[in-house]
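Listed next as structure tokens is one chain, alone, in the form predicted on its own.
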């Protein structure tokens, strides 16, 4: 398993904490930036990491900004990405279990570093249930491809 990591300056410290957590667990990752607390534009970094998930370079993504909202909007513009902002354990589990999300988004001003690491663990360990949920994920793909429902 390989994780695409990215953040803007507002969540640089959170991304660095998650990197350390992944290293401790022996989980491979690629850091797509940013690389300091110098002000940057979050859509650029969210896009690069999301593309790595969409093209199969990475299996999942973890992308952070101050709230998680901006990076989730940017990531969801990439075809094949289902990015979700998660702020608690139930959301991290259910977005994988029912939505087959492939990118976890979090905000440094919203979750603690400890909670963020827990959410990463849950997100990566939770399988997609499929079944009736697959039909709904397929509808998301249809919408993405311009189908009228």
Ligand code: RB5
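This one's a predicted model, so the numbers in the text were calculated from it and none came from an experiment. Numbering follows the first chain given and starts at 1.
The protein also exists as the form predicted in complex with the named molecule; that form is not presented, and the subsequent description refers to it.
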Out of 87, 66, 118, 100, which one falls within 4.5 Å of the named molecule in the predicted complex, going by heavy atoms?
66
Location of the named molecule contact in the predicted complex, chosen stretch of 134-142, 121-129, 8-16, 21-29 [non-hydrogen atom, 4.5 Å]
8-16
Would residue 33 count as touching the named molecule in the predicted complex under a 4.5 Å heavy atom rule?
no
